[in-house]
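Here you get one chain, nothing else, as structure tokens; it is the form predicted alone.
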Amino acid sequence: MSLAAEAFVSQIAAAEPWPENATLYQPLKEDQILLSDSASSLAVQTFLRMCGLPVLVSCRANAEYMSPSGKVPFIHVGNQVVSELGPIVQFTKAKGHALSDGLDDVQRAEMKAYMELVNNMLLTAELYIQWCDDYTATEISRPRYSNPYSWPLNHVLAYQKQWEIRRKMNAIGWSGKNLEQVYEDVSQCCQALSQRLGTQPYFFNKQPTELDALVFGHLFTILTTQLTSDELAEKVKSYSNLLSFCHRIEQTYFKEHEREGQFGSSRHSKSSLP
């Protein structure tokens, strides 16, 4: 498809109202999804709820392979398929739904910088712990990631994923780190987020932005996911305003029965926030 044709299709898609059957795809909640994908999925769900846009959640064993980018989550809206939070934010903005339009240029640049911090530190730390810590990889990551598949495909896919993430860690200079250094990076990231949040309800005062959705997705998932150690969650618990922030968004955007359906039934998850 030419660029002109793609632009035309995008304009047509933008003109269409948000459908009631918009669907978000993620790996299986019960037995497959890992911390990093669960956090990314929750961030997108939270963003869409903040925008007031309904979305159905569909759990598929092959969600990663269905995604146009190979990453989850992705959404199917009309005849459009969009993956990952950044492109989804742009997609909803084209449809007239944006959370950060009220920010000035300086605030918008600051918001993007903090989003990069979360992706570069928290998301990378989650991936490191899942696949570079041998104990976690053996006890949790490989068994869950490969669970939907039969032997020998399950082993092939799990080790292929582990090799892919370890190669990425090597490329960005994280392969030489140990767990304590990773936990310290997480602590520093949380400290920066805590200082920026302060006593405000959201990072930019009274109205949420995509930064709030992203931070909530990662922090809430870290706090409620059972790992081989509680050390990662303990780093987040050190910051009381971040805990209050997570409680506030959970209470505001996720009703009780929805929270139970979304967060409470997975063997991989703890029952609630601390």
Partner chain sequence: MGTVHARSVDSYPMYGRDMGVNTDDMEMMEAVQETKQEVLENKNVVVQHVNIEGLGRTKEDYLGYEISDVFTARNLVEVMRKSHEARQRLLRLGIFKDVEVVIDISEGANALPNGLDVTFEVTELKRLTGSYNTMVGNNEGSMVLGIKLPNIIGRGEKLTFQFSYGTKETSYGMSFFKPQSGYYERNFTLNLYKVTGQFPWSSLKETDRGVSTELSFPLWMTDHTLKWEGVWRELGCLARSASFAVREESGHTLKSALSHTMVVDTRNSAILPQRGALLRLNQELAGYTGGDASFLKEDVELQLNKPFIWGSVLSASLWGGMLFPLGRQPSSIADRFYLGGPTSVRGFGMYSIGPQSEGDYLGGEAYWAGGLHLYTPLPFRSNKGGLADLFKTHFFLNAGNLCNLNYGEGPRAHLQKLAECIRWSYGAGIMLRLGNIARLELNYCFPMGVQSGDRICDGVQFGAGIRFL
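Given the structure is predicted, the values throughout are model-derived calculations rather than measurements. Numbering follows the first chain given and starts at 1.
The same protein also exists as the form predicted in complex with the partner chain; that form is not shown, yet it is the one meant from here on.
Asker: The partner chain isn't shown here, but in the predicted complex which of Gln160, Gln90, Gln181, Asn170 has a heavy atom within 4.5 Å of it?
Answerer: Looking at the other structure, the residue within range turns out to be Gln160.
Asker: Considering the partner chain in the predicted complex, which of Arg196, His76, His97, Arg166 comes within 4.5 Å of it through any heavy atom?
Answerer: None of the others qualify; the residue that does is His76.
Asker: Mind telling me which stretch in 98-106, 123-131, 152-160, 200-208 gets its heavy atoms within 4.5 Å of the partner chain in the predicted complex?
Answerer: Comparing against the partner chain in the predicted complex, the contact stretch is 152-160.
Asker: Check Phe216, Thr252 and Phe254: does every one of them have a heavy atom within 4.5 Å of the partner chain in the predicted complex?
Answerer: No, none of the three is in contact.
Asker: Please tell me whether any heavy atom belonging to Arg60 falls inside 4.5 Å of a heavy atom of the partner chain, as the geometry stands in the predicted complex.
Answerer: So Arg60 counts as contacting the partner chain.
Asker: Given that the partner chain is not shown alongside this chain, does Ala233 nevertheless sit within 4.5 Å of it in the predicted complex, heavy atom to heavy atom?
Answerer: Judged by the heavy-atom cut-off of 4.5 Å, Ala233 is well away from the partner chain in the predicted complex.
Asker: With heavy atoms only and a cut-off of 4.5 Å, decide whether Val81 touches the partner chain in the predicted complex.
Answerer: Output for Val81 is yes: heavy atoms within 4.5 Å of the partner chain.
Asker: Contact between Met66 and the partner chain in the predicted complex at 4.5 Å, heavy atoms?
Answerer: Judged by the heavy-atom cut-off of 4.5 Å, Met66 is in contact with the partner chain in the predicted complex.
Asker: Using a 4.5 Å cut-off on any heavy atom, which residues of 19-55 would contact the partner chain in the predicted complex?
Answerer: Only a single residue, Tyr25, comes within 4.5 Å of the partner.
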